[in-house]
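The chain that follows stands alone, in the form predicted alone, written as structure tokens.
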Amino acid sequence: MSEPVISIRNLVKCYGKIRALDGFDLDIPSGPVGLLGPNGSGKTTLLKLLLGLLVPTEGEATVLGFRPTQRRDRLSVRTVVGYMPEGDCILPGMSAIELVSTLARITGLRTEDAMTRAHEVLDYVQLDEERYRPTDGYSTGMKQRLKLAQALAHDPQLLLLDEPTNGLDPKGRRQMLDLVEDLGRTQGKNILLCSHLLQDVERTCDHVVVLNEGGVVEQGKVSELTAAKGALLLVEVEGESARFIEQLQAAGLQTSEGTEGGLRIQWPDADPDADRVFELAQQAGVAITQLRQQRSSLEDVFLRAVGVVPHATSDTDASPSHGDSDDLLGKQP
């Protein structure tokens, strides 16, 4: 196991009587990690504490071995961390090349190196043809890519990205996610991605941390958290379903209503026995017309973590084109 990129011990941040962070411990591993949570959960406060922009009320955090509460370490944090804020960090009247090279010099690069890196990162975020234009006239998508460029200018070991797809149209969102995914999974950058869009995290991150009311309520590998603890089968039948439900429940299986004419069957392990379901249907005198397995999603994980029970039924769940389910009808004996 490699050392955690960020270590947090009993971290508390109070604003008057409000505890924005409520004294939790957390180790964030290397690689791309998503930071999720509802509004007011403490995500932005945590990022600012990691950068040394805020002082904790209690506890301590270390970032790549540096403590942001110590002035010497705080300056070192700025050289190894790249920060893309949610709000604009555009200096009026500057071109992109001027802005990025200036911020690169602030992190400690020499003038020549800062200019070289500015050109490189602007090429990378596809602003090469716009680098000499005043940034005041940039579109939202261009500004977001410019913010990413300035965060990358000093080639940091860790990127803190706060809502990088905020305000983007579908094309701009795809461009940004392609860049974040390339940085984390191809270039091996350590990333802490703060987002309210679960699909963005599921696409770009290997680990996830969920905050709620100032505390950590879930964390782990995305692949493990979204793996079904048991399996959910979506079934449609022809015939009277009441007898079928009785057979299922007598066999120890939990059921709930799906869409009209459909059922949900909770299987106790991750490898459901479709043949058994067909046997029970035959005993009940009904014919199964559709049987699919629905996989867990990061949205389900998030809702459970923050204390919201995922909706039991939806029209899309029963649709044959549902993207998160596997058709098991072929297993019919």
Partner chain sequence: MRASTHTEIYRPFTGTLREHPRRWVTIGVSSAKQGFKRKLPALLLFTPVAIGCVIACFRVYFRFQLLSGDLVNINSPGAAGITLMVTETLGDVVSNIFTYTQGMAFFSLMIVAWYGAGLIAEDRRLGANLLYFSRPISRLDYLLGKGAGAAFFGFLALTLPCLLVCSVATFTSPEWSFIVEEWASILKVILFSSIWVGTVTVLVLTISSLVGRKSHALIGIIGAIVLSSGVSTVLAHLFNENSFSLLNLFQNFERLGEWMFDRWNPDRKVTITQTAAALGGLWTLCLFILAVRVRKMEVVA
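The term rigid core refers to the maximal set of C-alpha atoms that superpose within 1.5 Å between the two forms. Numbering follows the first chain given and starts at 1. These figures come from a predicted structure and were not determined experimentally.
Here the subject shifts to the form predicted in complex with its partner chain, a form of this protein not shown in this document.
- At the 4.5 Å threshold, heavy atoms of residue 91 reach its partner chain in the predicted complex.
- When contacts are judged by a 4.5 Å heavy atom cut-off, residue 50 does not count as touching its partner chain in the predicted complex.
- When contacts are judged by a 4.5 Å heavy atom cut-off, residue 144 does not count as touching its partner chain in the predicted complex.
- Using a 4.5 angstroms limit between non-hydrogen atoms, residue 249 is distant from its partner chain in the predicted complex.
- Each of 98, 120 and 189 comes within 4.5 Å of its partner chain in the predicted complex, counting any heavy atom.
- Segments offered: 77-85, 199-207, 213-221, 240-248. Contacting its partner chain in the predicted complex at heavy atom distances within 4.5 Å is 77-85.
- For the options 263, 232, 151, 225, the one in contact with its partner chain in the predicted complex, meaning a heavy atom within 4.5 Å, is 151.
- Along 105-139, residues 105, 106, 107, 108, 109, 110, 113, 117, 120, 123, 124, 126, 128 each place a heavy atom within 4.5 Å of its partner chain in the predicted complex.
- Fitting the two forms on the rigid core leaves the C-alpha of residue 171 displaced by under 2 angstroms between the shown form and the other one.
- Relative to the superposed rigid core, residue 110 undergoes a CA displacement smaller than 2 Å between the shown form and the other one.
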